[in-house]
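There is one chain below, alone, in structure tokens, taken in the form predicted on its own.
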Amino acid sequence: MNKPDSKNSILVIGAGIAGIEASLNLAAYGIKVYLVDDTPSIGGIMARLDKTFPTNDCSICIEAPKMYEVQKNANIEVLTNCEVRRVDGAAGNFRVRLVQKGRFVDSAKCKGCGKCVEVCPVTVPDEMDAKIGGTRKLIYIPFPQSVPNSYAIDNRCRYGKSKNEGACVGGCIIDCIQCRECPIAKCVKACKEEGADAVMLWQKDNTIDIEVKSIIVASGLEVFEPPTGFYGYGHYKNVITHLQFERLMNAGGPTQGDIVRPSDKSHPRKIAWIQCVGREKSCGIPYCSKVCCMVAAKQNIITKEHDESVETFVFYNNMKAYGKGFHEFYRRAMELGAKYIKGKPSDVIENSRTGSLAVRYEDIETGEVNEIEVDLLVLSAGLVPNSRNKKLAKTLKVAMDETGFFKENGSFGGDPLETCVKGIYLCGGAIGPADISESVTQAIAASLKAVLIK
């Protein structure tokens, strides 16, 4: 790979909506951008959502055009399955070592025909949708609008860890790196029969050294995973998180947008949401995640749009409607029939015969202890830092705060979006919980700071 002039290159770490927006803004200024993400596709969480609040516009309809624009932009080099391994130097001349892990499929040759998936003998739970019935094959595409829009092979297949599950790869004495003619792998044969020859089980990790003048960290967020047994989560099939419910609503999800109970695939007649899950002392999230109240309002509205006869309940402590149009959005959910109950549930008990859930709670406004029975319970779990932040912070030599987010250099008007290392900037979920519009605004601001660094 030819090394561009470091004076005109910037590295963006993380390819969710913030990283994508920062990259497009930089490219518009004629800057060479390396957009790095450690997953097989760019897009982040936004690519897996159904709608965005407060407009309820289609999430992927907004992001997919930007993803394709990134892919086609001559000033942006997209590096998926890639991580930052080492950073040396200083602002104006950072020397960065990247390691791009093999996806074992040549994206340039892959036609996306899906023949490899048809012959793959092993089905595994999908990482995001497993609890609501989502599955995939060992060779897979993350989601239909993925960029790059090509398949990838699970490491468990490539390195023989799924042989006992029926995988056709993993029984050879000779490793794939020493072999170029695989007579065993069904995906290799199917791909060759289609004339693509894109499956490359012998593909190795690729080390890439680049020089950039500045770095933007847009590492994104993760959704808190409630402890097993918390409000029945992990024990009762019909207790799910708000992200899992989001996937139920999504036409690209495992149920093609049909809102059903995981236990029996029936349509729930009563659904309840519990807000602020994770803020409890036993879970330890010390901050408000900002978006959960509006996510619950959105999901109530869309549920009512699917079937207005469904009864919905929201258990909350404090309503956070801080953005433009947010309060009206919350009022719309109430006008459609969502019942907001100020109170915190204590116990959730499942009826083993019907799968229904009895939720006991104290109504804070009346002081009464009540109980309702619902068919599906949704936990509005908080947003937490990317689990890889700690490793990345050590590599970049930047500070983190006590919650695991990257720390801005100064506070209350100090140096917003800047780190303790000159030339390294932050945006979106790297700093803390943020909605899509806030992440985009920060991304644009961070890209301007990165361009103007001297």
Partner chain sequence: MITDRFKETIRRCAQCGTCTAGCPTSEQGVFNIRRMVRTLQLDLHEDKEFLAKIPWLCTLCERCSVLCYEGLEIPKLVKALREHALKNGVKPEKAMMLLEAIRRAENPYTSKTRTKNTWHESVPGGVRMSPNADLLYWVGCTSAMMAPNIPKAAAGTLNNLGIEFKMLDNEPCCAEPLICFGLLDEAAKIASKILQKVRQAKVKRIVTSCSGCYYTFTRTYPEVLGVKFTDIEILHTSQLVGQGIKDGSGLAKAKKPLKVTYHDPCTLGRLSGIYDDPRKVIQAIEGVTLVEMPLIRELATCCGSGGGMWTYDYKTALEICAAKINREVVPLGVDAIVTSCPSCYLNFKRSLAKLKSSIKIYDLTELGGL
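Residue numbers count along the first chain shown, from 1. None of these values were measured; they are calculated from a predicted model.
The protein also exists as the form predicted together with the partner chain; that form is not presented, and the subsequent description refers to it.
Check whether Val369 has any heavy atom within 4.5 Å of a heavy atom of the partner chain in the predicted complex, and answer yes or no. So Val369 counts as contacting the partner chain.
Within 4.5 Å, heavy atoms only: does Asn317 come near the partner chain in the predicted complex? Flag for Asn317 set to yes.
Given that the partner is absent here, does Glu362 sit within 4.5 Å of the partner chain in the predicted complex, heavy atoms only? So Glu362 counts as contacting the partner chain.
Any non-hydrogen atom of Ala251 within 4.5 angstroms of the partner chain in the predicted complex: Ala251: no, not in contact with the partner chain in the predicted complex.
Consider the chain as shown here, without its partner, and state which of Val260, Leu336, Ile208, Ile349 has a heavy atom within 4.5 Å of the partner chain in the predicted complex. Among Val260, Leu336, Ile208, Ile349, a heavy atom within 4.5 Å of the partner chain in the predicted complex occurs only for Ile349.
Selected contact from Lys324, Lys281, Lys265, Lys72, since only one has a non-hydrogen atom within 4.5 angstroms of the partner chain in the predicted complex: Contact check passes for Lys281.
Name the stretch: of 296-304, 341-349, 73-81, 171-179, exactly one has residues whose heavy atoms fall within 4.5 Å of the partner chain in the predicted complex. Going by heavy atoms within 4.5 Å, the stretch is 341-349.
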